[in-house]
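Presented below, as structure tokens, is a lone chain in the form predicted alone.
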């Protein structure tokens, strides 16, 4: 998990730090899969990319970008989705090793369930890059490339507060909290980033969670499935909001935000201020229509581009660029990371946030 060095965040993530960093030291400098200064492996080598289920538009886009980018650079791209679950991803990574993949990029379904396969890959001389989601409980990961996921949560928390204030000048405000899937290492990071902003307001009474469900474990959405979020929202509304208003919802991504809004509408209540993430087409349209309040723009093109840049550096025997070598501890080692900056998007900037996006640009004109 990520350990944040900024003083203002220390208290908010103390519990995670204690769990994730116990008896763990700082990682040694990364060693690419070859001798620095010369070609680490042939340019036409196989590069494995193990992706999770197709649970969002961004994962589907990543598949195309990895295929186009790696093949265009002269590599042999082996891009696989594990729609059947963890065991399928385990088998896919093993198959990539058998086929001689020199680098394996892993967007894990469950970052703690791939230890055997990652060791197999390292023993075969492959370099492992964790993509978007940190690989946990293993020394067999070399690099991590992702957006700054704690900041994603902070931005979501800030957006929720700003949206509530814009709707009603002063509190108290009734809110509910949703988190992602507990087997996704990012889900808790998103949640704790948001709670570093929201918990002080819960403690002072500005925000009221009428269900009383304020912990990550209570807020999780198994497998990031929209039907699970909608079912929980139905239960919360029936149990705690008979005559009370629901003013805001912390939603960790766009898919779940839309599911929660469906539940709220079915209950005959006004749509609350609701956050999201991923800049999915339907949610961007919803923001423009004045329903979903915010999303987070994490441009998949930039993330894939940097992952491929790392592959190119490793192939050439160079150490890939990192910009964070102390924050992302996976409970065994601190994984050298390159973090990209997320951007909050609301109705205030939705028409300028996607000007160079080939899909969203035309929609927001």
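Numbering follows the first chain given and starts at 1. On a predicted model such as this, the values are computed, not experimentally measured, just so you know.
In what follows, reference is made to the form predicted together with a small molecule, a form of this protein that is not presented.
Report whether all of 297, 354 and 357 sit within 4.5 Å of the small molecule in the predicted bound form, measuring from non-hydrogen atoms. No: no residue has a heavy atom within 4.5 Å of the partner.
Residues in which of 181 to 189, 92 to 100, 241 to 249, 120 to 128 have heavy atoms within 4.5 Å of the small molecule in the predicted bound form? Every other range fails; the passing one is 181 to 189.
Listed residue (55, 334, 309, 46) with a non-hydrogen atom within 4.5 angstroms of the small molecule in the predicted bound form: Checking each option against the small molecule in the predicted bound form, the one that comes within 4.5 Å is 55.
Taking the small molecule in the predicted bound form as the reference, which of 110, 278, 88, 234 has a non-hydrogen atom within 4.5 Å? The option sitting close enough to the partner is 278.
Although the small molecule is absent from this view, report whether residue 59 comes within 4.5 Å of it in the predicted bound form, heavy atoms only. Yes - in the predicted bound form, heavy atoms of residue 59 and the small molecule come within 4.5 Å of each other.
Taking the small molecule as it sits in the predicted bound form, is residue 292 in contact with it (heavy atom to heavy atom, 4.5 Å or less)? Residue-level check for residue 292: no, no contact with the small molecule.
Hey, in the predicted bound form, does residue 253 get a heavy atom within 4.5 angstroms of the small molecule? Heavy-atom contact with the small molecule at 4.5 Å: present for residue 253.
I'd like to know if residue 154 sits close to the small molecule in the predicted bound form, meaning any non-hydrogen atom pair within 4.5 angstroms. Although the small molecule is absent here, residue 154 would stay clear of it in the predicted bound form, with no heavy atoms inside 4.5 Å.
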